[in-house]
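Let's start with one chain on its own, the form predicted alone, as structure tokens.
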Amino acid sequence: MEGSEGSQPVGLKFEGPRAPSENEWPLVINFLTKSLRPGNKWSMLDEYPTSLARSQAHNMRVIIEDGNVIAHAVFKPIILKTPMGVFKVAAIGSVVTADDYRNQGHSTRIIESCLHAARQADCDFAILWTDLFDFYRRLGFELAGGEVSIAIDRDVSTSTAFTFNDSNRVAADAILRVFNQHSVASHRTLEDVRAMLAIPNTRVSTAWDQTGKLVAYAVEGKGADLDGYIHEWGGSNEALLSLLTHMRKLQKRDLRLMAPAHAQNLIATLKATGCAEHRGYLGMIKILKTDSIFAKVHRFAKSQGINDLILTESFTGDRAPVKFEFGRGSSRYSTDSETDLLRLVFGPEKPSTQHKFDGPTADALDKVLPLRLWIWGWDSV
């Protein structure tokens, strides 16, 4: 099957999609740097050290012609801790085809190969960030999840209880300790954090209490992307607000904070100071293992005292569409649209705003869904 693991060369002259060999990995990094970061002083490996590392080569997919890389994509498995349980996410990025080989189906084949490999790796769903919505919709992706962008265009704190440091030379274990306090967070190692702190154009600011303990951090910028965006942060609201005020004064410009919709206290506090918010989608998402996701939703529902939640998938025939049923007790609703299912599970809207449920069903689904999902900026690929 085209795009699957172990596929034969596409046509007579192309080889792949497949993982690059050990000897081909440097060629891949060079291809990505020339294609995506021409003229920069750093390589793509410097900018994406955890997703493009040599140890990640088995998760890369390339198409080769005469020993040259002409197309590439990578999926980075992320273990994501959420209140609903642990999910394995395939974050897809660095998708590029050489100029002379575009519009020949290479990107489609290489993404399909990534998705096949992600399923084999037991990933629950895939996510990517793009503005090519129509192209990725043909591959089963849809805009879903929620992201809140908040303008930090004024002082948001008058506290003098903290001291600040503006340097990437900060202990990785201190950053990791604060990061792990998030209710939704990926699994990271100290080596991951050290590598991320070294990403070019990354500016790290930290807040410290009177005992010398790190109590908040914020990261703005990442390589050629996210300039002016605080995409990574952690700590108490009091310390973080003080740090945001400091960063705006230090950089002498307005900034934007990227936050998950479930960070309600922080968002409400910033709005109360007059900061404007913009709500959008987290990214384009495709479900890979409905049975795994549904099982976690059911377990979470039972932990909330909801024992009769319905969320099932049924197959009515080889040519008939898959049917998804959801509801509570005898109140059943159905759809054959994966887009409807994605929006139900991942949001950003609550289920009750998407369908005309009866009262008890709406209350039950709103209590469980959408799941709290967030991919932090350092984890994006």
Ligand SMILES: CC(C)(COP(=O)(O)OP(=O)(O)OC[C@H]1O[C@@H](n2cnc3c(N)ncnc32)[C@H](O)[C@@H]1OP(=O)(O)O)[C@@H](O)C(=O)NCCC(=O)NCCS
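Just count from 1 along the sequence shown to find any residue number. Note that this is a predicted model, so its numbers are computed, not measured.
From this point on, the text means the form predicted in complex with this ligand, which you will not see here.
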| Does R138 reach this ligand in the predicted complex, with heavy atoms at most 4.5 Å apart? | yes
| field | 4.5 Å heavy atom contact, G105 and this ligand in the predicted complex | value | yes
| Distance check, Y281 to this ligand in the predicted complex, heavy atom within 4.5 Å | no
| message | Contact with this ligand in the predicted complex for V96, defined as at least one heavy atom pair within 4.5 Å: yes or no? | response | yes
| task | Name the stretch, out of 237 to 245, 145 to 153, 190 to 198, 88 to 96, where some heavy atom lies within 4.5 Å of this ligand in the predicted complex. | result | 88 to 96
| note | Interface check vs this ligand in the predicted complex: of L132, A276, A268, L250, the one with a heavy atom inside 4.5 Å is L132
| remark: Partner-free chain; cross-checking this ligand in the predicted complex, the single residue of A57, L45, L27, L36 with a heavy atom within 4.5 Å is L36
